[in-house]
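Shown next are two forms of a single protein chain, provided one at a time as structure tokens under the names structure 1 and structure 2.
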Structure 1
Amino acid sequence: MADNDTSKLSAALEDYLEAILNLSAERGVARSRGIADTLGVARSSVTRALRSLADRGLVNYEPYGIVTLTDDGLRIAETVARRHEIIQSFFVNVLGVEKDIAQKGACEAAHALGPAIIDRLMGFIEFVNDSHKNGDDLVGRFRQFCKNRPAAKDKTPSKATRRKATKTLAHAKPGQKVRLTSINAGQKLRSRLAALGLVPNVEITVVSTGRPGPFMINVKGSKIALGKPMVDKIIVE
């Protein structure tokens, strides 16, 4: 019983519970060393985590003893393990992601996704299996679909995601024409730049973006060299 703390468990402590469950199942018994190895943390970290879990009434733990789950701990551990498996199964069996990559992603995602999403996900996996029994090989069709599709790079934002962030002069490319919107600096700097013709609404043509050399721009016919700190302060569109 102990504290029966209502507050949600941290992802780290959930991982400890899951590790204890797995070790219990695999080796018959969970010991500190095994937990440390499984999670890749120091033994001392395990000691502290076990004390914390014992305080919450989730494990039976006493110094130098073996670790067992209480009813409450078992319930949580099984929930986490189940989420983990459902997510991993989706990644591997539906999406066709490599097992070790899926493993890593599923482990983290298991803490992020609530019951509603997990239930739907499991339902979806069942749906896919069911379809297969009825002669519709969804996964096979998906694999085929992937082959005919140019691989999208994670780094390249899709049009749907593209946003217009506030741009500074530093974002501009050589030859590009931009309009000065504002200057992100104090009074004195603004008036210094104003003396060079750099005022709101003026048109700027980028000559070269430095690296090496200074950042060169053309404003109303006159070339101006700017240092990196300036370039970051000039907001353009």
Structure 2
Amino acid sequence: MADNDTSKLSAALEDYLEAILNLSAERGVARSRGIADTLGVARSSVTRALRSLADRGLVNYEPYGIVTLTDDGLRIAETVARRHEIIQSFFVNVLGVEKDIAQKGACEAAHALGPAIIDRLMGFIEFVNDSHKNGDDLVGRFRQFCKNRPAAKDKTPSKATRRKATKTLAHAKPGQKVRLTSINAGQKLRSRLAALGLVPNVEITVVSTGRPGPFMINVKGSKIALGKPMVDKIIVE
């Protein structure tokens, strides 16, 4: 499997590969419990994901054992990690965003941006660095521009706009396709949902609405069961 085959994986599975890579580097080994803690997901979700990755030939996995990346899995994991690093570097070193905010934003954006955009971002970072070496401080001028830039005027949205902006996944019907716009929750829950592939702009197909049974959705071919508190926090259009 080649590096560019990351497009065939869901965002959630990409996150699992990256988590295994990071845990192996930090602790020497990766286990299901550590992966669950890192991604903020249940052990049962980790088991399903690892089985799926093992079936694809990306990890070596046995229940209750250590988890290792295959050669193909390692290449993809390194590609995903590098993608995060590039975006975070752009946010921090070019845009001047605080590191913790940039780290979270990079994780969400990395799944939405394709290789062509990532390559251009890398090229732009290199261009900015070269310009600085030649005495042209593009970053400094940009940050000064942002500092002097007047704040955007607040505009009160119309009732129709407010209704559209606050439509939650709970309002969707079985068989309906919607697009995730935001998640009205704290960082922990947003990270947990991102690990499941629920990131901005992802398309969601509603399978069932929990009457009876769980609220089931399909995201990039993976079925996910959600509790009512989660469904009420996912904003869609």
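Residue indices: 1-based, along structure 1. Bear in mind the structure is a predicted one, so any value in this text is a computation, not a measurement. Under this definition, the rigid core comprises the largest set of C-alpha atoms superposing within 1.5 Å between the forms.
Enquirer: Which of the two structures shown, 1 or 2, corresponds to the form predicted alone?
Expert: Looking at both, the form predicted alone is number 2.
Enquirer: Can we say the CA of Leu13 moves by at least 2 Å between the two structures when the core is superposed?
Expert: The answer is no, as the C-alpha of Leu13 shifts between the two structures by less than 2 Å after core alignment.
Enquirer: After a core superposition, would you say Leu226 shifts its C-alpha by at least 2 Å between the two structures?
Expert: After core superposition, the displacement of the Leu226 C-alpha between the two structures reaches the 2 Å mark, so yes.
Enquirer: Please state the CA displacement of Ile183 between the two structures in angstrom, with both forms fitted on the core.
Expert: Its alpha carbon moves by 34.1 Å.
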